[in-house]
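Have a look below at one chain only, the form predicted alone, in structure tokens format.
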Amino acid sequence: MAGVTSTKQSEAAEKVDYRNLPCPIPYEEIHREAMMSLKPDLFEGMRFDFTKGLNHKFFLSHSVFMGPTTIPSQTPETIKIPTANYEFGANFIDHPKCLLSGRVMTDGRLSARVKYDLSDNFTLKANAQLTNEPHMSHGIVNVDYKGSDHRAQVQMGNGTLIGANYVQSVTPHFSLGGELFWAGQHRKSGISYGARFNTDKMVATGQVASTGMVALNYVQRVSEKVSLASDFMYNYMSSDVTASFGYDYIFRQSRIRGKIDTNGCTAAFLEERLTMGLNFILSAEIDHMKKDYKFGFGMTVGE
């Protein structure tokens, strides 16, 4: 009798309450955990970032970058030119309701970002970038809706860009979603479908798009400080296939992330906290097939 009672209690605990499902993460972020390990902010050359808070809501930032920039080439040989840029930024954060951010660079590029919570369910987001190059400036506005067990987003941008996506929790650990867009200026349209399954120890995602791309990701949390990630990218129109394996290890004073893929590219990214508000950064990427080697180091000052 005790065994039967225990079985009934277990079945009752596993029964899913479909009227009280969790809210999923946004559709555009379904690969978030895998990207943290497999897509670190790699760079080549020297970088210095300084952030100064004027008060608890307003911050200024200064960034200096010196290093080569890769330019497109019709040959397999990698062509790089030396560059140097300075970026000034201003940020206003009224957490969690409002975020205003602006950046201006010495090469003439100006970018701005706005995030504002209209209510508990609706959020307005806007991004814009202005450049001196013709037809390269762009802007996009998003309106996000957050429900109890679903999310939806509508996008509008220049070039007659219109898009929408929706994601729905099906079970406490599984969600499904889709996205469609229309770019009137280029006469292109597309649709994609995505799925995500997550627990406390793992995250598995899949996405297929009408553009030909199929993306599969898997992240295993080995412990609170160690995560392993892998992905598989396949384009059924061009028959290109790439698979990669990455790791994310958090030490007491540092964090290291890296990956290796089937194209022979190996990368690593190290963040070392020297003291409060002072971090040292190392970046390395080696592409054996293209014989392209990138190494960078930097410092970040401020929280």
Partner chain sequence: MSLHFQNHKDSKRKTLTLQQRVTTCRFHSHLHKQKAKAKSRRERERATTTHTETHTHEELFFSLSVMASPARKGGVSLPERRNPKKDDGGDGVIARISQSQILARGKQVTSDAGYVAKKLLKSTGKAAWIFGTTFLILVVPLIIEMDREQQLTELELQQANILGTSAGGSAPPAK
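Numbering follows the first chain given and starts at 1. The model shown is predicted, which means the values in this text are computed figures rather than measured ones.
Another form, the form predicted in complex with the partner chain, is not on view; read the next lines as being about it.
Partner contact region in the model of the complex: 252-260, out of 235-243, 23-31, 51-59, 252-260, criterion any non-hydrogen atom within 4.5 Å of the partner chain.
Checking K97, K188, H138, K225 for any heavy atom within 4.5 Å of the partner chain in the model of the complex turns up a single hit: K225. Contact annotation: of the candidates M36, V64, L42, L270, the single residue with a non-hydrogen atom within 4.5 angstroms of the partner chain in the model of the complex is L270. Among heavy atoms of F295, some come within 4.5 Å of the partner chain in the model of the complex. Among heavy atoms of I281, none comes within 4.5 Å of the partner chain in the model of the complex.
Among residues of the shown chain, K290 is not one whose heavy atoms approach the partner chain to within 4.5 Å in the model of the complex.
Shown here without its partner, the chain carries Y247, T266 and I286, all of which come within 4.5 Å of the partner chain in the model of the complex through at least one heavy atom.
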